[in-house]
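A single chain comes next, written as structure tokens; it is the form predicted alone.
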């Protein structure tokens, strides 16, 4: 477990910025009330076995007592580095993204299961969509009851969605909560 170097920090922050925009400041400066210290600490990012963890400084300090080979996890795993060196957000980052999301999409109840099985979001599945979404923006997908279901990348802008046919893809799927069941051995 070690702090991120400059290149890794840039990759993580660019990916998070794609989804949360200027709310990235809230993630970085979020006060932590964990641990015995009466003053609130902060959260930080740590790299362990090609995975990026978001944990309180208090927890990181206490984890230094555990040998690296014995340390399984620390805080919330928000993403991982592939063998090619690319950073990918994982479904565990959903709560962090949902709380600070810049662009949101809400699905109709009959379309939620399709998304949870790993399919893209179609125009016919849209319940609501936030304004000013551009193609390529990060989008967090919610149910109509405001339960975060997953996230993806916008395939069309908000304006293009209005004149799109019902079978047109609006959001390209990246991760969803159904992965907890589909890939429970890998998570």
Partner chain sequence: MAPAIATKKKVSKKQSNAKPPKKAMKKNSKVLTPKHDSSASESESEEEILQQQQLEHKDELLGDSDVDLGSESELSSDGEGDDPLVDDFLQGTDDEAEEKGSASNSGSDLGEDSDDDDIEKKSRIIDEKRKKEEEDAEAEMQLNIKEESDEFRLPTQEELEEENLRPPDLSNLQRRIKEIVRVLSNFKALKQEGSTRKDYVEQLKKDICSYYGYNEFLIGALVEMFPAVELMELIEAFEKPRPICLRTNTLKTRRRDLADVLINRGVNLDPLSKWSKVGLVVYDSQVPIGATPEYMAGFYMLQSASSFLPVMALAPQEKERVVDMAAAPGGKTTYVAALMKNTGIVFANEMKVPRLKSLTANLHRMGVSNTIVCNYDGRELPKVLGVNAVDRVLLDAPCSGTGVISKDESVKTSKSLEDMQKCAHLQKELILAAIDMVDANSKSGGYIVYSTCSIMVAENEAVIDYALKRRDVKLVPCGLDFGRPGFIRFREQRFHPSLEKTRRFYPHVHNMDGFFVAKLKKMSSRKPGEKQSEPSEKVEEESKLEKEESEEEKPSNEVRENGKESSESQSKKTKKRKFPSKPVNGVKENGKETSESGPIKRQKRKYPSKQEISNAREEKRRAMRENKKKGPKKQSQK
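Numbering follows the first chain given and starts at 1. Source: prediction; values computed, not measured.
We do not show the form predicted together with the partner chain, though everything after this point is about it.
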| item | value |
| --- | --- |
| Distance check, residue 111 to the partner chain in the model of the complex, heavy atom within 4.5 Å | no |
| 4.5 angstroms heavy atom contact with the partner chain in the model of the complex for residue 98 | no |
| Interface membership of residue 31, the partner chain in the model of the complex, 4.5 Å heavy atom rule | no |
| In the model of the complex, residue 132 touching the partner chain (heavy atom, 4.5 Å) | no |
| Options 133-141, 158-166, 119-127, 60-68; stretch whose heavy atom lies within 4.5 Å of the partner chain in the model of the complex | 60-68 |
| Partner contacts for 71-89, taking the partner chain in the model of the complex and a 4.5 Å heavy atom cut-off | 71, 72, 73, 74, 75, 76, 77 |
